[in-house]
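The data below hold one chain only, encoded as structure tokens and taken in the form predicted alone.
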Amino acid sequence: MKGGSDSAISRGVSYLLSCQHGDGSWRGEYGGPLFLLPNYVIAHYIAGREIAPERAGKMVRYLLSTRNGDGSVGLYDGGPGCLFTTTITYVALRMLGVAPDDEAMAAMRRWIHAQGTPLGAANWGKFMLAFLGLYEYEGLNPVLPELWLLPRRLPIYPGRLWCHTRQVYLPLSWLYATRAKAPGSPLLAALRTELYDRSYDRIDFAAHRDTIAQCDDLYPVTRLMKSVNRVQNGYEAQRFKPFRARALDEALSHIRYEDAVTNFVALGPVNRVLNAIVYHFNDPGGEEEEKAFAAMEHYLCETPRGIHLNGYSSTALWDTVFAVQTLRTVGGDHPKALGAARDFIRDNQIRREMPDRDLFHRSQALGGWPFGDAESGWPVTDCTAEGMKCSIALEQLPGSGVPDVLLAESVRLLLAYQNTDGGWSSYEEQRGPKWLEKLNPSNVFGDIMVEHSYIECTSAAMQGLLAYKKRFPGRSDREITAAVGRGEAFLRKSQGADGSFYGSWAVCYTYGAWFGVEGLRAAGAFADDPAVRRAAEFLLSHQNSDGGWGEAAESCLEKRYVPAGSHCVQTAWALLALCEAGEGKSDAARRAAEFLIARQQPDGCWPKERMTGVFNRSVLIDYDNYHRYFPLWALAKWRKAQ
């Protein structure tokens, strides 16, 4: 068996090294969500920007490949049909030149009508249609820019929201308040007829503000949100024009700030598209519009299936730190690859502080690491921690690493981001109360209103801080010790009665178990600690007969382990957790290793299987590099445990 693992590891290392990019990073495709590319196409249509025929053809090919057998399109690739995504995909395909009598379009149209037409689409879908004049603004519940003029101390002030939510609803508020609408065209007139099963002019859109098709109603609007909407609709009917004008100026200043400090890359593809639409309506053809549309190109990704839009501008930092840790666990001599990776990590630490950051609701960025490349300017807690861990681990390589003073800033950032419950969230510290989740207007996304503490971010932050403390004893020791203690308490409190740890950024309990056990062990828990033992027993109880682990996306929605066929990446997470829990020599760990060895492909990689990444509980996303390093990492750790 040892010989088999040695051979598998050797092949896996060769393959992983061959995937490193010239800049020293491992960056990969990051697709899956199916509302992104249609947004891109719609924005270009609104702005009158032609998409080159060759590119359009590849986009059509990709969009058509996302359809389910019944003609629907899911929130994510392969997911159950969603009216929101099916509708905007249909619109995008028509804008890209696909004829309405095409068989695929006819099937999509039948499915859309069967769900009640776009009158039942989720919130984001109705907004995108409204910008085109394919849905009327009176059928939308308000997104008021005036909220940005409220006192900052109020819980409902938008600056307290999770950054992705506020950066999406910020441009939505400007577009809603200005009733932005593209000029009519023969295509839009035809789409009005195609999308609805009745005359467009006779639809009472106001009566459908709260109409949501069952397939889109994953997170029903609460009674509290409905009450808030009644108040907002009452205000909208009597809005004070000077106050509205001032609110629009305030919203626009925040939109401009986001683009200025992110080099127009923006936080993500949704607010990148929406900000571009704002610039078009505010100053058609102006410099801001040009920069916004140019930066949109960062997100495009060409694949054998065609062209789609990635869920982030880059995965470079995230993939690189895990590839580095995989190679270090394997051992051996890889100075060229690790040196290039060290340089990439060093060069993509955020080395500037955001100007006027308090005014625009930005936390410390200096010393942080992003998910992708530093140009975005958005640090993430676990990326910062993993970047710091790798920088410290690689500092003995020839050349220059991260200066000590900037590692100290990383520590300062992580300490500042810790939440009052002892955990760490993602991009910022939690600013708003959790009850704000009752005001979630999205219909299809969960836990979007405020930052939450996560098992994964907490574990990574603890490990990063402890790596710094070990490397620089006497510096911030007291603060780090206290922070790690609070983090450990959070992990213990978050563990389920069955020993499970819920993972929020991947599917789901195998991922959570790995981070949960790693965090507890880093904080000093022994392998016989009751929390560690219960986590191991939970995993052992869910091992499949073939030695692997597999769980379905429903685990995220239902918050319970939903078994599925064995999956190489999820098996790797479970094996990593078991090895950390002192179970590396167990029969279960051996069978997991045998499963991974048997599933390795001749080129040294592991098969590309169903997506394992997730965000906001309902949308799967494809971490394309996970199958390249996690199984290898797990085998290497298992071999060391023998």
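In this text, all values refer to a predicted model and were calculated from it rather than measured experimentally. Residues carry their position along the shown sequence, with the first being 1.
There is also a form predicted in complex with a small molecule; it is not shown, and the following applies to it.
Taking 4.5 Å between heavy atoms as the contact cutoff, choose which of F264, W148, F490, F371 touches the small molecule in the predicted complex.
-> After the contact test, the surviving option is F371.
Considering Y427, F344, F127, W111, which brings a non-hydrogen atom within 4.5 Å of the small molecule in the predicted complex?
-> Contact residue from the list: Y427.
With the partner left out here, if you bring back the small molecule in the predicted complex, are Y15, L338 and F630 all within 4.5 Å of it by some heavy atom?
-> Checking in the predicted complex: none of Y15, L338 and F630 is within 4.5 Å of the small molecule.
4.5 Å heavy atom contact, I9 to the small molecule in the predicted complex | Residue-level check for I9: no, no contact with the small molecule.
Answer yes if any heavy atom of Y279 is within 4.5 Å of a heavy atom of the small molecule in the predicted complex; otherwise answer no.
-> Contact check for Y279: no, nothing within 4.5 Å of the small molecule in the predicted complex.
4.5 angstroms heavy atom contact with the small molecule in the predicted complex for F615 = Taking the distances in the predicted complex, the answer for F615 is yes, it comes within 4.5 Å of the small molecule.
Even though the small molecule is not shown here, does R431 get within 4.5 Å of it in the predicted complex, heavy atoms only?
-> Answer no; every heavy atom of R431 is more than 4.5 Å from the small molecule in the predicted complex.
So which stretch, 380 to 388, 467 to 475, 189 to 197, 523 to 531, is the one near the small molecule in the predicted complex (non-hydrogen atoms, 4.5 Å)?
-> Looking at the other structure, the answer is 380 to 388.
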